[in-house]
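Shown here is one chain on its own, the form predicted alone, set out as structure tokens.
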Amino acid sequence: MAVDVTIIGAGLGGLMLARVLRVHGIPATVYEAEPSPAARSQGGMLDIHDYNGQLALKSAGLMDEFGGLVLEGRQAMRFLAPGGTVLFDKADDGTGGRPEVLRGELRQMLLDSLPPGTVRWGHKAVRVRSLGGGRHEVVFADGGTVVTSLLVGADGAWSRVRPLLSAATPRYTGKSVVETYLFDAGARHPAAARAVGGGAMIAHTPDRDIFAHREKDDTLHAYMGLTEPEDWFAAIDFTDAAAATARIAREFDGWAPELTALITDSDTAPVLRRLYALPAGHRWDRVPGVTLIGDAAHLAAPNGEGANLAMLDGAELGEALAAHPGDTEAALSAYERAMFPRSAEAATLEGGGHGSDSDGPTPHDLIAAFSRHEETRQDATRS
């Protein structure tokens, strides 16, 4: 008997799963809380890795379309000392395995690859329950329901599906970031633009860091990382943009002005983003008819792997379902056996200063980690 696949969440992982199932002629329905694809900004740049995210795109048959989204030159990477000294500077020579795209454009590419009506917008899941025999009911905020024989939670950090499988909940990592944008940077913010360079820039100390990326249309997108408890941030009124900007800027007193300009010269109000993670190595026992992908399964502090892992999860789950027609449990077991160790390993990667260790890596640790990662990637590509 054909399985009806219900996916909760139209992020990159859920859409990738729907697309790979489509490639194999398996229908799926995606339910998304947002009212439309354009309901909110989809975030900034993503580097899509040749050892996970690009493998998913190949399974989806979308590598040519993906190539049309890549922003040339954005794989450049530099590390600066807080005083502005350049510690490491690697140009984008076209041989890197992490081409950069805008998250929103990548998501739209996946949406465009699906038949109309695959995604049901404005369906916020508020409750799920088991009906026995591997079947589950999802209740939406508008009172509607759906019953399915295969439920996939692709609904992110605060997943409504996860409690069917696990009692784990995300915990604060001890760190938050404050997000800013500088537009038309070359003309209007030249010093900051020179500091960031053509791709990504990291300036790091044990409990403060700045990460910035040059996006499309000469936009600089920056994150100021601060290792502080949640109460510390709660004392800052982020509804008062000027006061919040000044308060965060004080934490970077003594840093080079071209770096602090990424805070003080922002063309948008600062946005606080608290960082949460599930327990390292999060896993669950097999429960019939339900599984998780992406952050719902393995939310971690930012390390450059989250979106890539979500897409690979979606692709591998889709391939497993196609490889086990009529045996959903075999497919879910095969998917989870591969996913658990992969996500646990990824959670240990150094992440641009976004970890929660109070001592933290030094800039030289980050440079060494970046170099090791590049060597490992090149070895894997050659093998």
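These figures come from a predicted structure and were not determined experimentally. One rule holds for the numbers: they count along the sequence shown, beginning at 1.
Below, we turn to the form predicted together with a small molecule, even though it does not appear here.
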Within 4.5 Å of the small molecule in the predicted complex, counting heavy atoms only, one of 67-75, 148-156, 166-174, 281-289 shows up; tell me which. 148-156
Each of P82, G84 and P206 within 4.5 Å of the small molecule in the predicted complex, by any heavy atom, yes or no? no
Quick check on E32: any heavy atom within 4.5 Å of the small molecule in the predicted complex? yes
Answer with yes or no whether A307 is in contact with the small molecule in the predicted complex, where contact means some heavy atom within 4.5 Å. yes
Is A125 a contact residue for the small molecule in the predicted complex, using a 4.5 Å heavy atom cut-off? yes
At the 4.5 Å heavy atom threshold, is L312 in contact with the small molecule in the predicted complex? no
Single option in G197, G134, P99, P302 placed near the small molecule in the predicted complex, where near means a heavy atom within 4.5 Å: P302
